[in-house]
Each structure stands twice: as C-alpha cells, then as structure tokens.
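Okay, so here's just one chain, in structure tokens, the form predicted on its own.
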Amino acid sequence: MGEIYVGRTEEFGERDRKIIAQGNMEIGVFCIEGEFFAYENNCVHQGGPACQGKIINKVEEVIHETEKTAHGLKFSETDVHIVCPWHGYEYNVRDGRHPGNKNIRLRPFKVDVKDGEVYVHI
C-alpha cells in the first residue's frame, strides 16, 4: 500500500476538493469542517466523474410532527453531499454512500494528515 501526497491543509478551503491522478485512476479529496475524505472519482451508476460534481447539503422534506404532512423542503444542517454531474447520483461526503441505498457507495480511500500535509493511501 502506498501513499500519495495531496497538498497542505491550508490549500483547502471549507468544502473544497482536489482531484488527483494515480495511473489510470482519479481520486477526489474533500475537506468538510476540517476533516478529509477521499473517493475514487467514478460514479457507480454509469462511471461518471462523481467527485467533480456539486457539493451541496442534502435536501430533506419537512414533515409536520402531528399531521404527518409535507411542508416543503430544507437543506440538512449536517449531511453534505456530492452530486455526480452526469445523472445526479448523490453521495454523502463523509461515508461515500448513496442516501437512498446504503449498499451503493463510492470506493473510499484512507486519508492521513501529518504535520499539515494531506496524504491518501491506495
């Protein structure tokens, strides 16, 4: 198992990403609230560049507590998603899983931060 240098932590802003290449594979590295996550840039739906899509908070339906009726939509305060630009498949940035089917997942990679430098293990 090797590691790839991605960059320094200060090179990443909040909700920032870098796409790095390793041979024929691309890896998306994300910074969310100071934490780093990495996934293969390959949407499980049809192979699109999932890691290059929009970074947006998950859209949730607001359900009235007692009436159990819909009252519009809101953005989640905690769940951040990436949206594949080809067909709109969404994945949670923290675990790489599709919100509608937990068995659908981007291929994850371990990320380490050492002395302010970000590395991905492949």
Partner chain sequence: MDSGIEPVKENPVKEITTYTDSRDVLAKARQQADERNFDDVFIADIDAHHTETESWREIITYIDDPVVREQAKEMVFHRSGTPPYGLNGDLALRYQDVGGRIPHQAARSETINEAEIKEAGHRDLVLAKRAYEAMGIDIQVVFPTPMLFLGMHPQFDMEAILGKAYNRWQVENILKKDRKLKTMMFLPFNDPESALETIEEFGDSPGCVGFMVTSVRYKAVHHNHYMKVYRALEERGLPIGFHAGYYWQDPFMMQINRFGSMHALSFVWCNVVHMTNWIMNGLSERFPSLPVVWIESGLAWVPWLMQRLDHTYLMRSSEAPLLKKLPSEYMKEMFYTCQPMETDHPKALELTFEMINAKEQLLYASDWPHYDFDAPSVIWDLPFLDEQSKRNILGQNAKRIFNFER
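Numbering follows the first chain given and starts at 1. No experiment lies behind these values; they were computed from the predicted model shown.
There is another form of the same protein, the form predicted in complex with the partner chain; it is not shown, and what comes next is about it.
- A residue is said to contact a partner when one of its heavy atoms sits within 4.5 Å of a partner heavy atom; residue 98 fails this definition for the partner chain in the predicted complex, lying far away.
- Taking the partner from elsewhere, residue 103 is found to have every heavy atom lying beyond 4.5 Å of the partner chain in the predicted complex.
- In the predicted complex, residue 89 approaches the partner chain with a heavy atom inside 4.5 Å.
- In the predicted complex, the partner chain stays beyond 4.5 Å of every heavy atom belonging to residue 9.
- Along 38-71, these residues reach a heavy atom to within 4.5 Å of the partner chain in the predicted complex: 41, 46, 47, 48, 49, 51, 52, 53, 54, 56, 59, 61.
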